[in-house]
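For reference, the chain that follows is the form predicted on its own, supplied as structure tokens.
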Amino acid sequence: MKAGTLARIAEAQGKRQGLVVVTRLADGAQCLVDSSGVSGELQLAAAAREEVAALLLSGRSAALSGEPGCFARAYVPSPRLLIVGAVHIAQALAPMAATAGYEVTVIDPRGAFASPERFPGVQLSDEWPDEALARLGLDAATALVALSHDPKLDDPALELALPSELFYIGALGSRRTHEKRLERLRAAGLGELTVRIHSPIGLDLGGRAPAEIAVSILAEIIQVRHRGATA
């Protein structure tokens, strides 16, 4: 691999940014594809660009049907899940997500909730959500779920999340609760972005127990990561 390409890969990984390297196997011509576009000597057809965009989202590598003879190698950061609210659902969701390959951080300034005893082996933050998210960064390989059911915690997180590159944003609450949330976010000038919020959160699997809700949330996150928000 060319030195310049290796440098770009290292830079992208350091910034937790996804990058796809497309190589034409016949002569080694390459192009690099990230969220900002395509660069390099290899020109891609529109169909191939769509394929690469999907690979950039999912992190998979594959031969391109839209560009015969070309192989796309995806370099993407490990997926992360940021959970706001150290509640019962979070206790079930955190280990499930970790098993599925997500780096999990639970954020809650309430020490009685975000304790190692309740979340063994889970990375915890006792910062206020806006402080924690500003420190952790909100990139395209990260999902955020607001589960505290407390506007003082959930709203600041959502206000930072909505304009970001996060691939998934979900918030716990009934339809009535969510409508009140939307009113507050519209008042904060984020009305057009509120369509990004998945609420009621999770796929409708019918379960109501905390662990069942956690399964539905993780299922929806995985679905959006691999198929997009309109799946």
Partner chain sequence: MNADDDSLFDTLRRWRAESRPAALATVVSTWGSSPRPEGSHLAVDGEGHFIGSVSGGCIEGAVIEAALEVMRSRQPRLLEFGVSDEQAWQVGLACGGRVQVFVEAVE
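Numbering follows the first chain given and starts at 1. Keep in mind that this is a model prediction, so the values were computed, not measured.
This protein has a second form, the form predicted in complex with the partner chain, left out of what is shown; the following refers to that one.
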{"item": "Three-residue site Val87, Pro109 and Leu160 fully in contact with the partner chain in the predicted complex at 4.5 Å by heavy atom", "value": "no"}
{"item": "Listed residue (Glu183, Glu50, Asp27, Glu165) with a non-hydrogen atom within 4.5 angstroms of the partner chain in the predicted complex", "value": "Asp27"}
{"item": "Partner contact for Phe119 in the predicted complex: the partner chain, 4.5 angstroms, heavy atom", "value": "no"}
{"item": "Contact flag, Gln43 vs the partner chain in the predicted complex, heavy atom cut 4.5 Å", "value": "no"}
{"item": "Val76: touches the partner chain in the predicted complex, heavy atom cutoff 4.5 angstroms", "value": "yes"}
{"item": "Any non-hydrogen atom of Ala209 within 4.5 angstroms of the partner chain in the predicted complex", "value": "no"}
{"item": "Location of the partner chain contact in the predicted complex, chosen stretch of 31-39, 186-194, 171-179, 58-66 [non-hydrogen atom, 4.5 Å]", "value": "58-66"}
{"item": "Residues in 1-23 with any heavy atom within 4.5 Å of the partner chain in the predicted complex", "value": "Met1, Lys2, Ala3, Leu6, Ile9, Ala10, Gln13, Thr23"}
